[in-house]
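One chain comes next, on its own, written as structure tokens: the form predicted on its own.
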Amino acid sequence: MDTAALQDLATAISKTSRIVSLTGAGISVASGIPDFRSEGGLWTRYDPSLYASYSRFVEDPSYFWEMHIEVMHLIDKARPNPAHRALAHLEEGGLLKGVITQNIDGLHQDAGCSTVYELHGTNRTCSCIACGRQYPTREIAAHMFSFQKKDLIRKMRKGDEIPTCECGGWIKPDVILFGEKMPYETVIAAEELASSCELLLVIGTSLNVQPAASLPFTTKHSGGSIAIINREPTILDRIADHMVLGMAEEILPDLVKRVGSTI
């Protein structure tokens, strides 16, 4: 960890009254939720064009559920880590005005953040794709977890045990699948938040996926600064005003302490 870069960022934060954070999968790794794109991640074992495609879900939801059962197990066991709690502390102190996240795990809310825009939707609720009726995911998950996975998938391939609404439509978690429209109001709100901040704190994302990848430019074009905290370099490091390489769960608690000492 570059302590000099971390101190420079802490000093910049102490002089700022409006911070927004953009987070990706990297912030939740320490909570037990691997990055889907990392080695051994879901996308190395499940072809997203088959298992995470909205059009394929409409044709046969069993493939999606085969993959998503793993996701539900991971999220069910996950708890906020020090990085999530550090952001909640910044919000409590009035510095952080909101979190824009690519994650579907709800850990920012669990940590205490109240303003969270979920670009890729949420796993906390499910909705019928026909009538829109909403269901708590925990109810759907509890039923699925009562089966051995191989037995459940075998039943689903035959059209049985697929979560189905009272109207007869299939139930899908409120996460955004490939080929599905992004949540328009959420995206607009995130863009407005990014354009209004003095400092965008980018954490745990490679910035390879839209619309998140465009938000640093939104902040920059509005006169704000960019700080990137990530395990590896990103494709937007060239526009960053501050960069700290390392693990979010180690860097953010240290950063919060340093901010407190400089205010």
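Worth saying up front: this structure is predicted, and the values here are computed from it rather than measured. Residue positions are given as counts along the sequence shown, with the first one as 1.
The form predicted together with a small molecule exists for this protein as well; it is not shown, and the discussion that follows is about that form.
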Candidate site 25, 36 and 103: all three near the small molecule in the model of the complex by heavy atom within 4.5 Å: yes
Given the stretches 190 to 198, 60 to 68, 223 to 231, 46 to 54, which is the single one in contact with the small molecule in the model of the complex, using a heavy atom cutoff of 4.5 Å? 223 to 231
Quick one: does residue 120 come within 4.5 Å of the small molecule in the model of the complex, counting heavy atoms only? yes
is_contact(residue 219, the small molecule) in the model of the complex, heavy atom dist at most 4.5 Å: no
In the model of the complex, is there a heavy atom of the small molecule that lies within 4.5 Å of any heavy atom of residue 241, even though the partner is absent here? no
Looking in the model of the complex, any heavy atom of residue 249 within 4.5 Å of the small molecule? yes
